[in-house]
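Here you get one chain, nothing else, as structure tokens; it is the form predicted on its own.
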Amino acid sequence: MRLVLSDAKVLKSIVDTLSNLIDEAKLVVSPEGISLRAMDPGHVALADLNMSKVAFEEYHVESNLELGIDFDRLNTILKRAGSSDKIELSLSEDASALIITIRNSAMRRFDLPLIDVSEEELRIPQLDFLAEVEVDPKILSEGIKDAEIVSDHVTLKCDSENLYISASGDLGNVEVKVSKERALNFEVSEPCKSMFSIEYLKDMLKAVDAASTIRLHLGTDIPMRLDFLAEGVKLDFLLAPRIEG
């Protein structure tokens, strides 16, 4: 196995995001690309990663591999790489460790021992979304930062003309309105809204550096699906709503 990325930014962003949500997970490496599906310990968020071989400068994998990864440790290592550094991933001779080689003015090698990860079959539920909105990642990121000023939860709402990002608390109210003209894609079959944890959304939005666009799939009081999209990369999250009592 030998995988080479000429630009470390995408991998750094993905791993940083995942490490905030999951402790450990099994990374599946195939001749077509790498994938991962894992849920956070609180069973509030599910992550689904697919990174095609076209996202890599070099990609040599002869057969399917399953690698148990401690994502906090991997994130600590990747933080040592600059955004423009070249990263190479390979296996040790005895296949007991993932070797991360960072190349810039010097060559640095880190050996990350692989771990046993308990098997858990995670299926993505079929959900009847009422809205699909694709926007520049910065629009959602800034809207969540605005909402955090007054609350730890945010309401996402769609009607036929706009996406609304709003929050209310003892410190006041915030509303961000994004018209369908500002969206890259805007499809709403009927009005809908759900409330979500800002803490979880902030963790997910660490992936904005890896994405060229974000696609939101929304309904009323059902999980939201967030798709972070870039060339050869698709990182999806399902986030459970907060139901008001």
Partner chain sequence: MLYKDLAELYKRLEKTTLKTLKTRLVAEFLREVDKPDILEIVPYLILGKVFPDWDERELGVGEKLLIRAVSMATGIEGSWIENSVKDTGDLGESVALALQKRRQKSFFGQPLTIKRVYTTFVKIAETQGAGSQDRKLKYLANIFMDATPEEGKYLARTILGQMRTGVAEGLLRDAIAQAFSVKVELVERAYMLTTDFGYVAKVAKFEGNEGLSKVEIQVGKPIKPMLAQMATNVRDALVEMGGEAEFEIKYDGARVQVHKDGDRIIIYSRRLENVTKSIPEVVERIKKHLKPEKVIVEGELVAIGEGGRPRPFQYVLRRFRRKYNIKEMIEKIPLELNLFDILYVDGENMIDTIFIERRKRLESVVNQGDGVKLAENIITKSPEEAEAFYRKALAMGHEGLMAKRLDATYEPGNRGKKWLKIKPTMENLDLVIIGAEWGEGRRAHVLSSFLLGAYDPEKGDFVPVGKVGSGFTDEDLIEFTKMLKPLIREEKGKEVKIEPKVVIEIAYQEIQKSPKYESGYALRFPRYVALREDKSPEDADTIERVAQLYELQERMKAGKG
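Numbering follows the first chain given and starts at 1. These figures come from a predicted structure and were not determined experimentally.
What comes next is about the form predicted together with its partner chain, which does not appear here.
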Exercise: residue 239 in contact with its partner chain in the predicted complex, heavy atom 4.5 Å:
yes
For residue 72, is any heavy atom within 4.5 Å of its partner chain in the predicted complex, or not?
yes
Would residue 21 count as a contact of its partner chain in the predicted complex, using a 4.5 angstroms cut-off between non-hydrogen atoms?
yes
Partner contact for residue 200 in the predicted complex: its partner chain, 4.5 angstroms, heavy atom
yes
Let me know the one among 211, 46, 67, 36 whose heavy atoms come within 4.5 Å of its partner chain in the predicted complex, would you?
46
Among 152-160, 82-90, 132-140, 101-109, which stretch has residues with heavy atoms no more than 4.5 Å from its partner chain in the predicted complex?
152-160
Quick check: do 60, 114 and 232 each get a heavy atom within 4.5 Å of its partner chain in the predicted complex?
no
